[in-house]
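The chain below stands alone and is given in structure tokens; this is the form predicted on its own.
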Amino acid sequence: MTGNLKNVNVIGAWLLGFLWLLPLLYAIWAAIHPIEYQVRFDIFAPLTFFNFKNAWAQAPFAQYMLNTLIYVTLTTSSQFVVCALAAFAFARFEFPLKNVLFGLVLIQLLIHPEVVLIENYKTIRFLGLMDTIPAISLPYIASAFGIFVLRQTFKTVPKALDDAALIDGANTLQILRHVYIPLSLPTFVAYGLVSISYHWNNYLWPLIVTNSDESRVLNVGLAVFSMEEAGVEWATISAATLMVTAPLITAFLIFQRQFIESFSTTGIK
């Protein structure tokens, strides 16, 4: 009975995996075949890369890619700095209302980003940052999830290492940099992968605060490119979609082992 149930689970997992891959498989088919074969599945259909050239020529995807790389790098690196400092304070220092403040940080986990869109928009407009890449990054720099995860990891570091570093003449920031961060690298890797994936796929907030190609990211650019009134064929849209998703897919395939090991080490679900 147990063996039959295991077989059913395996078959179900393969079926769900195939259903998850089905849109990607169709996008690959449509992108590498002529337009007349985008809904005709002929095994002898000729291959072509014209759809990729056509998509690349119709929209400034190079600019979108550069904007996305700057946005993701700026956001993730800023989160590492801010979250590490906040997590270290909550993990190792005692100060008034410490638990209350940490509770307020955790409340942020319960608030969906869309709830504060209007207030964030007002803030960005007040600061004069509309239609800029920093405007996209600013609301995400202080991540409650990052603070929580790093705090839990920092609390596992033996306090004796702090005392040893102090005896050697290290100050607080040196202790964080040379003791806590090296011992927490798996957590930083796991959180960094989550952050990069989320912000690479972020759509709604970048759509609201950007108005020009000079600041648009890939997802917003793809949405503008694939509007119905633009009259773009599905084959060209599929090629553009693959260009947008290829960096993440490639990175996952290359770092798949590190990705899984980081999550199993840190316990992030």
Partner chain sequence: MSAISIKKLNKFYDSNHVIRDASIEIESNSFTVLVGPSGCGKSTILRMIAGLEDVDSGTISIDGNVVNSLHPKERGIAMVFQSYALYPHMTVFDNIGFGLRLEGQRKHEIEAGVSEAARILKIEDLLDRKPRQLSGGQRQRVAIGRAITRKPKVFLFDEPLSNLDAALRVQMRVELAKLHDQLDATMLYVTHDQTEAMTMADKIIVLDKGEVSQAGAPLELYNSPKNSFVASFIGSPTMNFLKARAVAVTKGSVTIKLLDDLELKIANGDTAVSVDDELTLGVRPENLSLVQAPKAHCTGKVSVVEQLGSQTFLYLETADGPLILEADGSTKIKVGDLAPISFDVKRCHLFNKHHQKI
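Positions refer to the first chain, counted from 1. On a predicted model such as this, the values are computed, not experimentally measured, just so you know.
From this point on, the text means the form predicted in complex with its partner chain, which you will not see here.
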- Q174, heavy atom within 4.5 angstroms of its partner chain in the predicted complex: yes
- Within a 4.5 Å heavy atom cut-off, is V179 in contact with its partner chain in the predicted complex? yes
- Flag L161 as yes or no: does it have a non-hydrogen atom within 4.5 angstroms of any non-hydrogen atom of its partner chain in the predicted complex? yes
- Does A165 reach its partner chain in the predicted complex, with heavy atoms at most 4.5 Å apart? yes
